[in-house]
Ligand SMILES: NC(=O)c1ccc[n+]([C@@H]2O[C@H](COP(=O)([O-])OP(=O)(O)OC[C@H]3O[C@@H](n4cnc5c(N)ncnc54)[C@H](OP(=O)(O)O)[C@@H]3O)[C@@H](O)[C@H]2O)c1
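A single chain comes next, written as C-alpha cells; it is the form predicted on its own.
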Amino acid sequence: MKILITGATSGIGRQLALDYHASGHSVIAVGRSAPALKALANQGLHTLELDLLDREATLRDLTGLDRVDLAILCAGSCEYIDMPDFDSARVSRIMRLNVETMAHSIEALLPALRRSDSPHLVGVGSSAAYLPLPRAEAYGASKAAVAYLMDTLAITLAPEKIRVSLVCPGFVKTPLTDRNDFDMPFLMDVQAASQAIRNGIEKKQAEIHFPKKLTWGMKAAARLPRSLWAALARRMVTS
C-alpha cells in the first residue's frame, strides 16, 4: 500500500509510520519538524516537511500525488482551559490545529485517494469527544468537530467507494500527554495504540476506539441524562 500519515514526527503518527514501513508499505511521513523527518528518512521512509495550517502549501504539495491508498490524519495538539480564565485565543488555536489542518489535508488528498483501487481515509480524533469533560472546552470541542466531519464524510464519500474511519483513542503515552498534570486511567504505550489502529484499519472498522475499558465506559456515560452527567462531572472540578 501507499500510505500517507500526517503528524508523523511524534506520538501516534510517528509510530504508525514506522510500523507500516516495517511491514513493507510505502510510507510518506508528513510533519513540521525537520530533524524528526530526517530521522525517519534515514530509516527509509519518504518524508515531506509541510505546515498543514497553510492551505495553499498543503494543496500544492499533496494534490499532485499520483495515488494514496491509505491516508491517516494524525496532526493535532492539545491545550486545556483553567477557569475562570476562559481563553478564546486558545480555543481558536486548537480548532485550527485539530480541525482546519484536517480539512486542508482532506481537500488536498481526495484526488490521490480517488486514484486508488481501495481508498481509505482515517481521521484521528479522541474519546474526549464522547463526553463534556472539565478543562477540555477547546480540545474536546475540536475533537467533536473531527468526529462529525469524519462521520459525515463516511456518508458523502460512500458513493465513490472511499472508506472512512474515525479513531477515538483514550490516553496514550506521547510527548503531548507527558505534559498532562492529572491521572490518566488506562494509559497505553504508543506501540499498543499503533497496533490497535492498524488492526482496526485492517478490519475496515468505521470507528476504532481503545482502550475498551475506558471507551466503553465513556460511551455508556454519554447515554446518561445531560443533567446527571453534568452533576458527576462537576465533582471532578471540585474534588
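Don't overthink the numbering: it's just position in the shown sequence, from 1. From a predicted model like this one, the values you see are computed outputs, not experimental measurements.
Below, we refer to the form predicted together with the ligand, which is not included among the displayed structures.
Within 4.5 Å of the ligand in the predicted complex, a heavy atom is found for none of S26, D66 and S165.
Residues of just one listed stretch (84 to 92, 147 to 155, 70 to 78, 111 to 119) have heavy atoms within 4.5 Å of the ligand in the predicted complex: 70 to 78.
Although the partner is absent here, A196 sits far enough away that none of its heavy atoms falls within 4.5 Å of the ligand in the predicted complex. At the 4.5 Å threshold, heavy atoms of R32 reach the ligand in the predicted complex. Proximity of L4 to the ligand in the predicted complex falls outside the 4.5 Å heavy atom cutoff.
Proximity of D51 to the ligand in the predicted complex falls within the 4.5 Å heavy atom cutoff. Taking the ligand as it sits in the predicted complex, the stretch 152 to 187 comes within 4.5 angstroms of it through a non-hydrogen atom at P169, G170, F171, V172, T174, P175, L176, T177.
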